[in-house]
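This document starts with one chain, in the form predicted on its own, laid out as structure tokens.
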């Protein structure tokens, strides 16, 4: 190393200033914060002690005031009944309402119930008469030893007696004061005041107790935790019903076991002295607040010590964020290039449908350049050739229902050419849920539609041309089988039957193709006139009777009442029922069962055909209504079939405005449902 080279000592020159500038001031601030915390703890301790003492006295005073008010109420009620006059229910309610109202209002604010028990220990009157109190009218208190004891004591001593804490018939813990009523030396029953313990012990509104959840009342035999609405005994059991039955309750240990710092205050009520017990928590409260201050101090100290380190890290983050922004900009540029050059037309509009972006495909599909479309309303630009109702529905879906709209549309190009497209329009919302954009994707399917049309025309033509020779084959084979052309051998008859069966399948296939091409081309006529579905169902079943008998299938019909006639024409109705019933019978093995149900539900007629056949595998369910599709399990068991029946059924039902669906389990069977609108 050359003389004067101090590169190895350079790091040390920066460490010492770091200690002087950061660590030493940090220690001084730490000592200052410790001193502040010690002073704060002392202040908190004194403040909490004062609050605690005030709350204890306030709670005791409040409970005593409530008990005094209740004692006055029960004595007033006793005097009212002892006046010598007969007291009816209306007079009792009028008198009681004044007492109950005075106690339920004002600073003591406690609801009570006033009752009269006759000399036979039956509850005769109760006020107020609400849902809970209605349960006790007519109650025979001779069945409740814990209440009968207090009644007898009051009767004997001729003074007010209070029960131990008991479960009331209303389902919650309470106390009852009994005051005996005598008229001219004759016992006339007792006046009662019933209190719910949670109301008696409730703190004053807006009070914040420093001994929260550490307060309870202890009698000779019972413990009543304030706020828990339960009664516990000194053996760790909980009272569960008015009869005084008990169950073990682990929570009782919190009150039975000795508690450090517990304070006891006597409360006198009628003939009993109870204890209000509290466990001060103001020391814990002071500790908790001081811990909070210490935590804040620690955070402050940490921020102070690591400020320079955070500043250094922030500089690195700024560089990193700049790199991320540049990467995001590059990604956005790539995304824009992809969207600009997509083969499908992509258009973005504002919430009112004004075009704010269009990719290059817009010119290829519509003839409009993107700059020609921007700023114009999309519907006006394409001249809306579909009719007002179509666009009202589209607008309702994307703007009112706030859902994606997917459908087929006819639009007009700039040069006037009409084209067909598949469109998808999605609403875009901001973080507050407000609609801000629509994104529309459109693909021209005019060529596909033309190809489908040509294919359908070819199938229709081929089906027509095939119909005649197939019919001729069938007639000739039938003539040979009937012996019209002379005798034939058994071997020849077998071959002819196979030919005849194949020609029937071919005729069925050709007929299916003809019906499908007519429906797809909207050339299938829906006949005029109303039809009776039940009659047509019976007719189709008669035609299938031989198949049902041969396979020993049990058929059950369930026709509902009041099935209306439907204006769908006889031919249409027969196609629907033939496909449903033929399908069920064909794919149900021997000794199986087929049920057909036709019933009216609201504004629809529902047809349900249930079979106990082979069922549909899960992997085939999504394709079961596809043209020419047959599930693999069916191909093995029933080789002959066109795969056109269910496609034809679904297409025809949906054209009528109805719905078709199914439920199936492989190896168990299938139920096909059809709903047809009543118009």
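A quick note: this is a predicted structure, and the numbers were derived from the prediction, not measured. Positions refer to the first chain, counted from 1.
From this point on, the text means the form predicted together with a small molecule, which you will not see here.
Q: Select, from the options 27-35, 650-658, 627-635, 65-73, the stretch whose residues sit within 4.5 angstroms of the small molecule in the predicted bound form by heavy atom distance.
A: So the stretch in question is 627-635.
Q: Is residue 587 part of the interface with the small molecule in the predicted bound form - any heavy atom within 4.5 Å?
A: Residue 587 belongs to the contact set for the small molecule.
Q: Does any heavy atom of residue 643 come within 4.5 Å of a heavy atom of the small molecule in the predicted bound form?
A: Result yes; residue 643 sits at the interface with the small molecule in the predicted bound form.
Q: In the predicted bound form, does residue 58 come within 4.5 Å of the small molecule, counting heavy atoms only?
A: Residue 58 lies outside the contact set for the small molecule.
Q: Does the small molecule get within 4.5 angstroms of any non-hydrogen atom of residue 150 in the predicted bound form?
A: Residue 150: no contact with the small molecule in the predicted bound form.
Q: Tell me, which of 426, 146, 583, 420 has a heavy atom within 4.5 angstroms of the small molecule in the predicted bound form?
A: The option sitting close enough to the partner is 583.
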